[in-house]
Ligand SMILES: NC(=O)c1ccc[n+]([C@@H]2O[C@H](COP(=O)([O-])OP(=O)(O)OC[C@H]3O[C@@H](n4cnc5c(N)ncnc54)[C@H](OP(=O)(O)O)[C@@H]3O)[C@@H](O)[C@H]2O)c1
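A lone chain, given as structure tokens: the form predicted on its own.
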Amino acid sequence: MGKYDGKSVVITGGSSGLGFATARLLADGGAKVLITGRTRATLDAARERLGNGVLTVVSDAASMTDVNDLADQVKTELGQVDALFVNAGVTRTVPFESMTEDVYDELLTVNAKGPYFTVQKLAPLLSSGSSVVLTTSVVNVLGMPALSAYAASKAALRSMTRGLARELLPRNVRVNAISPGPIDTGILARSMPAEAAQQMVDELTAGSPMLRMGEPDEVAKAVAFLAFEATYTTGAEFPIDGGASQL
């Protein structure tokens, strides 16, 4: 018997990074998992690693058509949902002086508008006693250069966590958030030259009170805890940042 046998889970942004690690943890524990991603190629690659039992849906959090279609597909594939992990998002590092309206709109659309309406559209499918987990970020409480708009989008999610937690209480649905700090998802190595990536890792490690970056599996365990075990917790934000926002 798996720990999550009989549970149905939806994870947006589940084809890589934190979403993928969470999908793997829950699927390995027996849950029926549906993940979303923006491209079929990334979803197919994720399913190959996760196993064919994981369901995949191409869906872009920036598209309201996709958000509406996702709700229909979740209803068809899963019926009721026991946990919704709203993890899809984008990061853009742009200094305040160089920020453009297009980039600002992208950040707020994908990171705040998309999650809000994803929860709204899937809320009728959430079973009594189920939960929603949103992904915020340590930068919503730390002033960091070149991340002001990104931080604003994640701060919106933090506020949304409280508001939705109150509004979904009558349905017996809990809403919480994880707030990751620097997590070693491999994205730096994939997106930057090796020397620059290593320099960034060294800086992030040196800036952490625990003197290391976090691992995706550490985030996945926190998501699973909030989703299924923290039954007397709602409206909270759980930092997973090596103490960066607390010490």
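Sequential numbering from 1, following the sequence displayed. The structure displayed is predicted, hence computed values, not measured ones.
The protein also exists as the form predicted together with the ligand; that form is not presented, and the subsequent description refers to it.
Of the heavy atoms in Ser208, none are within 4.5 Å of the ligand in the predicted complex. Using a 4.5 angstroms threshold between heavy atoms, Arg38 counts as touching the ligand in the predicted complex. Remark: Val133 does not count among the residues lining the ligand in the predicted complex, judged by a heavy atom distance of 4.5 Å or less. Interface residue remark: Ser15 is counted as part of the site for the ligand in the predicted complex, having a heavy atom within 4.5 Å. Interface residue among Ser159, Gln80, Thr91, Gln120, judged by heavy atoms within 4.5 Å of the ligand in the predicted complex: Thr91. This chain is displayed alone, yet in the predicted complex one of Ala31, Ile183, Ala222, Val54 has a heavy atom within 4.5 Å of the ligand; that residue is Ile183. In plain terms, the part of the chain that comes close to the ligand in the predicted complex, with a heavy atom within 4.5 Å, is 82-90 out of 95-103, 141-149, 167-175, 82-90. Annotation for 47-70: interface residues with the ligand in the predicted complex are Ser59, Asp60, Ala61, Ala62 [heavy atom within 4.5 Å].
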